[in-house]
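Read the single chain below, which is given as structure tokens and is the form predicted alone.
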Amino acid sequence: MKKVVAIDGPSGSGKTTIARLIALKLGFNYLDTGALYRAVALALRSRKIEPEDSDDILKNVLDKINVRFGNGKVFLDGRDVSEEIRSKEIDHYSSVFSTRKIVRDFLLGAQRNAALETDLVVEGRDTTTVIFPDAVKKIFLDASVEERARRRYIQFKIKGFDIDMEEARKGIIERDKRDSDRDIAPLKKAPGALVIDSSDLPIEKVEDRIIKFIKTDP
């Protein structure tokens, strides 16, 4: 495995933005694990699969699809679905389906294989604890519920989705509960991880702190 910088944190903490910046700064490739889960959710929902359906039903779909992330885009069966997976519906179902072991097992190999031939900055919910427990540097990026809701509200409004601040806030709280309370690979801070609260920090400050952390000796 090549060098891996892993970034975890709750929804809306700024992981995607900062991971892309760090990857660019270091000359590493970038992997958005959340995009992979969103693509799986899209594949399942397009086939009318419900969260309560059995593992056998989910497996029947998973065995027939191919999900890949490359050059900042996510592909489902060779089709670029980078924009399609950013809807409110897929945002919800990606979180719900990610609690299923069969889904997490399906994507585990794809995520780890991404670091076999290239240095990688990877972000998600369990990248520092489960996917890449041996990452050379681990970061846990956080922010207040209010700030994360504000970011999510702006993100959806820019994309033209109908949402208000209270709906965004409730969505963040529900997502936090699912991510932290799930039995399989719950969101948590890895030992030795750099913890940053980005609520009141400009992105440049967050980037600077992470780069300095990465460049310090283990």
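Source: prediction; values computed, not measured. In this text, residue numbers run from 1 along the sequence as written.
Although not depicted, the form predicted together with 2'-deoxycytidine-5'-monophosphate (DC) is the subject of the following passage.
Distance criterion of 4.5 Å from any heavy atom to 2'-deoxycytidine-5'-monophosphate (DC) in the predicted complex singles out R182 from the list K188, R182, R169, R68. Across the proposed site, Y37, R86 and S98 without exception bring a heavy atom within 4.5 Å of 2'-deoxycytidine-5'-monophosphate (DC) in the predicted complex. Figure note: of the listed segments 58-66, 45-53, 174-182, 188-196, the one touching 2'-deoxycytidine-5'-monophosphate (DC) in the predicted complex, with heavy atoms no more than 4.5 Å away, is 174-182.
R104 belongs to the set of residues with a heavy atom inside 4.5 Å of 2'-deoxycytidine-5'-monophosphate (DC) in the predicted complex. Within 4.5 Å of some heavy atom of 2'-deoxycytidine-5'-monophosphate (DC) in the predicted complex lies at least one heavy atom of R125.
Contact residues in stretch 1-29 (any heavy atom within 4.5 Å of 2'-deoxycytidine-5'-monophosphate (DC), taken in the predicted complex) are S11, K15.
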